[in-house]
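Here we start with a single chain on its own, the form predicted alone, put down as structure tokens.
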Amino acid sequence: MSVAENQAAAGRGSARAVAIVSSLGRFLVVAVTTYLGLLAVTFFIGRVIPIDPVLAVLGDRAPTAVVERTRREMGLDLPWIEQFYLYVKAALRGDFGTSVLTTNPVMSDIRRVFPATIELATLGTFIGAVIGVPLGVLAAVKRGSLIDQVARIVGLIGYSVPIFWLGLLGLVLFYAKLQWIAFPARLDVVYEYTFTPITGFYLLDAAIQGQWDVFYDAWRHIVLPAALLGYLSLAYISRMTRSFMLNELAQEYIVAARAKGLSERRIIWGHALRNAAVPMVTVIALSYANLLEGSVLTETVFSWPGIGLYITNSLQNADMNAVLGGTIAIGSVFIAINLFSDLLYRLLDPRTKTG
């Protein structure tokens, strides 16, 4: 290789390294800015709502001197900019205060309840992706046919019908009438004190420990709420899959593949879906994030002890440390999933590597 070629190769390598560092820099700036924005919003909400955090801790009948001393100890007598600085500093340490309702550190409560929400949302997303992607593909391939109309109606109902109404209807049908599922909870009372979770994901923990009776009981509790969340995910994923596939099927490379005599199955599943899979990664990730943050009503209806029910109970008891801590936890996960999906999209799609 000549000196000129070596210099050219070194220049390309240097330019690629600069592009990677620049991309990572922008990624970190977006992540930090978004998280600070989340903290600013939760801080503002905590200061404008008509709930005094001091009285929430001490009660309405606390002496005035005690109230004022506690207010100073909590830093609520400081200017807002100083309060926000202390708030951000504590949040970065994972310190969201103590829950008035449980008397535990909020972060400890979040570690206890969040696995239940993750397990529910993960199973729901899996159901939505496994059914939604093939349904969207078939709807695009059979555009205007009966299956396309069915897919669009399924998606419309999923977007339109409130999740709590579907949950109540499902309980009446599958629990009260058919008795196919267990009552609203995460586990039967008989197993609450005999089963020891390892990771907090009951299905996984029961399988690891070989407690198949617990696994079956946990499955009977989770299957309906997960199916309902899966239906919401399915509606979104199938609609977006159909849109992406219609775009891919209209591309010139599809026409060229058909002209070469490739089978329709190979064209659809081997070429069109492969290219549509890149943006679908982002869609599925966003669906997962939406289920994590939007499972509050589902957890309330099914008495599912996840972070959504935790926040709801805390809000009803004016436990603002728990409410804001839970909100920040969900928001942080949502931000992380969004940023991860964006990064994964950039890695998988070669067209974004030039930007």
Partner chain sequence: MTASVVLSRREWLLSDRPASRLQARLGRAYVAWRRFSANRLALIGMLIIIALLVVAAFADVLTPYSPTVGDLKNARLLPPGAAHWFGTDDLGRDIYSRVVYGARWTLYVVILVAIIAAPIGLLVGTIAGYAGGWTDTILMRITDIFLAFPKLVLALAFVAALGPGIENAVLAIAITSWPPYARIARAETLTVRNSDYIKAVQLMGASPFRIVLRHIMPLCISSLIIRVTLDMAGIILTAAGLGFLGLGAQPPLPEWGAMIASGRRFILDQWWVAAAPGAAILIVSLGFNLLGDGLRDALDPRSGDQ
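Positions refer to the first chain, counted from 1. For clarity, every value in this text was computed on a predicted model and none was experimentally measured.
Not on display, but discussed next: the form predicted together with the partner chain.
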Q) Is every one of V41, L168 and T312 within 4.5 Å of the partner chain in the predicted complex, counting heavy atoms? A) yes
Q) Since exactly one of P162, G210, G144, P79 fits, which has a heavy atom within 4.5 Å of the partner chain in the predicted complex? A) P162
Q | Among the candidates L92, L86, I198, I153, the residue which, in the predicted complex, approaches the partner chain to within 4.5 Å (heavy atoms) | A | I153
Q: Please run the contact check for L246 against the partner chain in the predicted complex: heavy atoms, 4.5 angstroms, yes or no?
A: yes
(Q) Please determine whether N317 contacts the partner chain in the predicted complex, using a 4.5 Å cut-off between heavy atoms. (A) no
Q: Spell out, yes or no, whether the shortest heavy atom distance between V189 and the partner chain in the predicted complex is within 4.5 Å.
A: no
Q) Does the 4.5 Å heavy atom contact test between A322 and the partner chain in the predicted complex come out positive? A) no
**Q.** Heavy atom contact within 4.5 Å of the partner chain in the predicted complex, the stretch among 214 to 222, 171 to 179, 113 to 121, 69 to 77
**A.** 171 to 179
Q | Heavy atom within 4.5 Å of the partner chain in the predicted complex - qualifying residues of 324 to 342 | A | L324, T327, I330, G331, F334, I335, N338
